[in-house]
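Given as structure tokens, the chain that follows is alone and in the form predicted on its own.
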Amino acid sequence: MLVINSIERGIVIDHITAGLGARILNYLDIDTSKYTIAFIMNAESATRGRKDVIKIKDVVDLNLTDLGLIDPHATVNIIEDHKVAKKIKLEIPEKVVNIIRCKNPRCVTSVEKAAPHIFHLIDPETMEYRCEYCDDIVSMKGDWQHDIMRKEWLRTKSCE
């Protein structure tokens, strides 16, 4: 039996769809040399069958608003004094900025490197988003890993 101890203070991202935990961890871009992280893949779940779980010790100030884009079924627990202080049910965001990259070569974001990539949700069932500038449609269902911007890409973009 696998035992992962509780944390005194931090974040637990639970009920992640099995296989999506690595994408969430990659998106969060946490410095693993500073923080203790437990990443459990394909754990048994009474309600979901299989799930991933991420525990991050001593971190409570992450921007979690866009995690619903990766897995809207996940829940985030803020832990204080070994207890759940706050429980957040992730949702599909209505608007995302600099998370999805527009791939249309005629889009203003392809020419103007400083232009933010802004997308609006048009269909929650298929998780389709429309680019604010060129109306290009991106579906976040299926293999969309390449459409998610990396934090290091955003840092270099802001330095230009």
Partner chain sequence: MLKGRSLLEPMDFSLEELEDIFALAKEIMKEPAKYIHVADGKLLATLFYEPSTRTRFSFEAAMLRLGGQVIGFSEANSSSAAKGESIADTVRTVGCYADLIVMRHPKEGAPRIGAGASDVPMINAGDGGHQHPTQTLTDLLTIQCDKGRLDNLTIGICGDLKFGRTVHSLMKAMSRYKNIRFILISPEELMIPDYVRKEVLEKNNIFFEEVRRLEEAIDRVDVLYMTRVQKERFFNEEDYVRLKDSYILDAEKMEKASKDMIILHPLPRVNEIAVEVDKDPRALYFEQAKKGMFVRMALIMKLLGIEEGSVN
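Just so it is clear, the structure is predicted and the values come from calculations on it, not from any experiment. Positions refer to the first chain, counted from 1.
This next part talks about the form predicted in complex with the partner chain, which is not shown.
The partner chain in the model of the complex comes within 4.5 Å of a heavy atom belonging to E128. In the model of the complex, at least one heavy atom of V111 sits within 4.5 Å of the partner chain. Mapping the unseen interface onto this chain, C107 counts among the residues with a heavy atom inside 4.5 Å of the partner chain in the model of the complex. Shown alone here, A22 lies farther than 4.5 Å from the partner chain in the model of the complex, counting heavy atoms only. Contact annotation: of the candidates D135, E44, E94, D61, the single residue with a non-hydrogen atom within 4.5 angstroms of the partner chain in the model of the complex is D135. Residues of just one listed stretch (98-106, 65-73, 33-41, 51-59) have heavy atoms within 4.5 Å of the partner chain in the model of the complex: 98-106.
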